[in-house]
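One chain comes next, on its own, written out as structure tokens in the form predicted alone.
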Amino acid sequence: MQIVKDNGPITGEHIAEQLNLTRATLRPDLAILTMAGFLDARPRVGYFYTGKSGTQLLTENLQKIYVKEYQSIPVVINENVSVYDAICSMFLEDVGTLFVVDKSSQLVGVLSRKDLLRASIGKQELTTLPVHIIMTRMPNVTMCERDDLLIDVAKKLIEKQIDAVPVVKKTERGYEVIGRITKTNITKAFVALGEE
């Protein structure tokens, strides 16, 4: 990188000469540096230094990750389901957030672990109490769409101090839940980015 920085644009042959190596030996290293974005290459001109730091390149990569690449399957329940059944669903599906829909499958609310815990601490009868009484209702539900940037959704999770958001598709009657983004999805993206 220093040779290219000092002498760029410079051909692969000239870099190889300076390092006393063959062009074939250097080819994989130059390919990695080019793919990573530290160097750029132009045919019949040579390699040149892009001037980008690792942090800048990481930021650029973060700006290319979309919700649709990491969304997972949502767990949806009807608004008239009992709190008891919602607790069972959350436990059986091993999720921390349930998305609540009406009879036409449109998003009407979100049910978190905290909501269910709060309801179970009270004196209510959980088998007869419907979830629509305790859920967070629209329009107070934070949501996202497939083509949103994952970094923007991560900021929403932090800002609102929530664990998950529904991925929605706008319909004539409201919003249809087509996926979910959770802190786990964001962690998977982060790990994948670190391993690239």
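Each residue number is its position in the shown sequence, starting from 1. Bear in mind that the values here come from a model prediction, so they are computed numbers and not experimental data.
Note that the form predicted together with ligand ADP isn't included here; everything after this is about it.
In the model of the complex, at least one heavy atom of Asp163 sits within 4.5 Å of ligand ADP. Not displayed here, ligand ADP is approached by Asn140 to within 4.5 Å at the level of heavy atoms in the model of the complex. Among residues of the shown chain, Asn61 is not one whose heavy atoms approach ligand ADP to within 4.5 Å in the model of the complex.
A residue is said to contact a partner when one of its heavy atoms sits within 4.5 Å of a partner heavy atom; Ser112 meets this definition for ligand ADP in the model of the complex. The stretch in contact with ligand ADP in the model of the complex, judged by heavy atoms within 4.5 Å, is 154 to 162, chosen from 35 to 43, 61 to 69, 154 to 162, 124 to 132. Interface residues of 1 to 38, taken as those with a heavy atom within 4.5 Å of ligand ADP in the model of the complex (partner not displayed), are absent.
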